[in-house]
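Okay, here we've got a single chain as structure tokens, the form predicted alone, with questions on binding and movement later.
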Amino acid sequence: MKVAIIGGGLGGLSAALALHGKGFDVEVYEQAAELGEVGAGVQLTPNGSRALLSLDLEEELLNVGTETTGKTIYLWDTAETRDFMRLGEENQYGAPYLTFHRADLLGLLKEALEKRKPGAVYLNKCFKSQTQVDDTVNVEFEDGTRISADLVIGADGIHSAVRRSLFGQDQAEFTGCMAWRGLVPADAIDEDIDLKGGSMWLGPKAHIVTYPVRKGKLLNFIAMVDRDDWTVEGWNQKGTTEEAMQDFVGWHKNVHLMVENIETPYKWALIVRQPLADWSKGRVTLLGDACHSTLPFLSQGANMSFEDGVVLARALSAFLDAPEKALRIYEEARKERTKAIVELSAKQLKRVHNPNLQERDQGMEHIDREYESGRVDTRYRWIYGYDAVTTELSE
């Protein structure tokens, strides 16, 4: 069975590996001239690493990824701390928690697919349309190229052209929040900033997440800020250090140190979309951000796409003679979980941007209450403990 995957990002490549491992003939079509990611990090949480480990990538993931010691919460102006999550040897979720430079993880997946099926990735292929005739899906690209496949998977992200071809234009809502992100060289901050663990700085109108990548040579920095004057969706808009610093007036000097040393600060508006009621039509389906884009407050965007790919490959393998039924089973196995994560991620905004954080005493009370170990475990265990390899597939 030939499966065409539209989109060569993290979700598309991992789905290709999962499907190839089940014996499917996979081809990946990417609109860009080369596979790549702008400079930023990605957290591979235990549910995501469990999915990728099932694709025989353990050696590569551990060699390239960075294991963090845990996560610490900091109050925005005083830098008072609380332990948030202990990882490493104390990791209670049964799979590693790894961090990556996004380009490194993408390269790892690309290299693995190239080894298993040379020539599987086609570049400069911008999706234009799809039509279904009997048991075949015909795809046309903007350059005039046409292909046919037994199944098509839209893994082409938040602006998915495959989604539009199935369900029309979607409605996106601006959250009133924008984000800064970038990478900080370790040698510029290593005497002041923890480069072994992750951190979360909480403030009344902003919060910051940091974690090491490339074995501690770089620190990934992402800050979400309450601002309604930047509504451009997309990760590639360059800002300036001066503008970024304006969003952290009054914050602790270590925050200023990190912002001042970001190599290139990128900014993007945080947009939310309602999860789709349906992901498939006939023999075309969606995966990852194309059908359940999420805000970055739980670090689950990429991890959900890794889960999707494993579950989709299992469903198609189990129902080879009824692929449309397999797609329905895939949807049913995934929709409730992904919807819950999208909704919980949106609710996180009130927890990490809270007026009680303005004053020190109220701020620490808020942190102690919201990040008490029992609450944290309840909040994350159902996310991190999920296993895409064994989750039930119901007919």
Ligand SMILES: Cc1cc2nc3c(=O)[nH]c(=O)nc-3n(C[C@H](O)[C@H](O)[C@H](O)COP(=O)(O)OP(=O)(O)OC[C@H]3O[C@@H](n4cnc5c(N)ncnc54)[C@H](O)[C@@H]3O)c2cc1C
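Just so it is clear, the model here is predicted, and its values are computed rather than measured. Don't overthink the numbering: it's just position in the shown sequence, from 1.
What comes next is about the form predicted together with the ligand, which does not appear here.
Interface residue among Q362, T69, Q348, Q31 relative to the ligand in the predicted complex, by the heavy atom within 4.5 Å criterion: Q31. When the ligand is considered in the predicted complex, only one residue from G107, G239, G157, P96 comes within 4.5 Å through any heavy atom, namely G157.
Here the chain stands by itself, but in the predicted complex one stretch of 195 to 203, 149 to 157, 109 to 117, 318 to 326, 149 to 157, has heavy atoms within 4.5 Å of the ligand. In the predicted complex, the ligand sits within 4.5 Å of a heavy atom belonging to L10.
Among heavy atoms of Q300, some come within 4.5 Å of the ligand in the predicted complex.
Heavy atoms of H207 never reach within 4.5 Å of the ligand in the predicted complex, leaving it off the interface. Looking at L55, you'd find every heavy atom of it more than 4.5 angstroms from the ligand in the predicted complex. Contacts to the ligand in the predicted complex (heavy atom within 4.5 Å) from stretch 111 to 135: K125, C126, F127.
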